[in-house]
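One chain comes next, on its own, written out as structure tokens in the form predicted on its own.
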């Protein structure tokens, strides 16, 4: 006897209705999670009345972390709070929101975060009538060491006001998470029903730093014409090792420092039961050492303690898709972020027991001297031997006047680069904005075209960690 025969009349209709309801609920659940995983609007707090929108644009995850913390604080009085990445459809809900709060960062070259490029191209050159009368606040993150300080935040503010949106308060600009500016942001939020109390510290995200200790360090470029570069090895003082992915960051607070964290690419995987950083010594104009790099590379002794937290860097997380070729481009301490991805790729190939394809991984790396500046050379040689690295192009600016920098190798091998990209290659770029990033970006645009590079950035096939 089948179910149709067993059930009849009202019982059958009830069963059918419940089945449809369950199927629809499951369908909505799947759609919700797909939307959430795609970075679309997330409901942080249910409630009645007009919602508050928190919109972020983040390159290294810092602005996203602050936005999530802000959204959490704004949900203190039961007001519905929605969180959205700037390239998702928040504009549709802005007119019905009571307030819209923006937390946006500026990339090292003065541009928007990579995921925001589509929003920039589609929106910022034309007015949006739907923003007329919308009340907003804006927190712009930047670094005054770069000439285009908070450039994207400033451009967004100008566009919002040109569209008729009304600022609740003047744009707040933050230099490397400077405390006074963050305190001002928290002070303004107190007027919108947040859980922040008057006089509260200027925290904008959870205080999840733990105590770590220096295990060891070694110089990677003895005799180099540049400043010293050291591999710094750290272990937690207590508790287990946090988990991270290739491309993630370590925020470091040294004892006696200025209280501002310095971010470094984690150059290894958690399997090593430690964190390895590759740190360049910063030398000021007066010859003194940078505060954090000087402590890590010179002054700290094994066993000395510091504060550290691991921070996700979604703009430089790629995963280990072995079906796609991978092009890695970097210079100097950019090798740190690239090394983590190479280790992850080696681990994934080892676990799959599959041989590396002919066009698998291409590393283009630049430094000063081939004799002295070969960080991680033993691992690179090993990866070449095992065919994980199927192509390697090294640039040494003091040795080779013809191709002194990585962008020159890109131009020299333009046809091969086009072929790799056409075959689905992902691209990772890691290094200094002042000395490498703009030149590499321009070379890629000359070879592939502006539209192709923008498509690679917006789709996530090209990811950058620029500092």
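All values reported here derive from a predicted model rather than from experimental measurement. Note that the rigid core is defined as the largest set of C-alphas that superpose within 1.5 Å between two forms. Positions refer to the first chain, counted from 1.
Keep in mind that the form predicted in complex with a small molecule is not shown, yet the notes after this line are about it.
Chemist: So which of 275, 308, 74, 107 gets a non-hydrogen atom within 4.5 Å of the small molecule in the predicted bound form?
Modeler: By the 4.5 Å criterion, the partner-contacting residue is 107.
Chemist: Check each of 396, 146, 192, 159 and return the one that places a heavy atom within 4.5 angstroms of the small molecule in the predicted bound form.
Modeler: Residue within 4.5 Å of the partner: 146.
Chemist: In the predicted bound form, which of the stretches 51-59, 438-446, 420-428, 398-406 has residues with heavy atoms within 4.5 Å of the small molecule?
Modeler: It is 51-59 that comes within 4.5 Å of the partner.
Chemist: Although the partner isn't part of this model, could you tell me whether residue 150 comes within 4.5 Å of the small molecule in the predicted bound form, counting any heavy atom of the residue?
Modeler: The answer is yes: residue 150 has a heavy atom within 4.5 Å of the small molecule.
Chemist: Given that the small molecule is not shown alongside this chain, does residue 177 nevertheless sit within 4.5 Å of it in the predicted bound form, heavy atom to heavy atom?
Modeler: Flag for residue 177 set to yes.
Chemist: Report yes if any heavy atom of residue 466 sits within 4.5 Å of a heavy atom of the small molecule in the predicted bound form; otherwise report no.
Modeler: Yes - in the predicted bound form, heavy atoms of residue 466 and the small molecule come within 4.5 Å of each other.
Chemist: Applying a 4.5 Å heavy atom distance criterion, does residue 63 contact the small molecule in the predicted bound form?
Modeler: Yes, residue 63 lies within 4.5 Å of the small molecule in the predicted bound form.
Chemist: Taking the rigid core as the frame, does residue 146 move its C-alpha by 2 Å or more between the shown form and the other one?
Modeler: Shift of 2 Å or more: yes.
Chemist: Once both forms sit on the same rigid core, is the C-alpha displacement of residue 393 at or above 2 Å between the shown form and the other one?
Modeler: Residue 393 C-alpha, core-superposed: shift of less than 2 Å.
Chemist: If I superpose the two forms on their rigid core, does the C-alpha of residue 174 end up displaced by 2 Å or more between the shown form and the other one?
Modeler: Where the cores coincide, residue 174 still shows a C-alpha shift between the shown form and the other one that is 2 Å or more.
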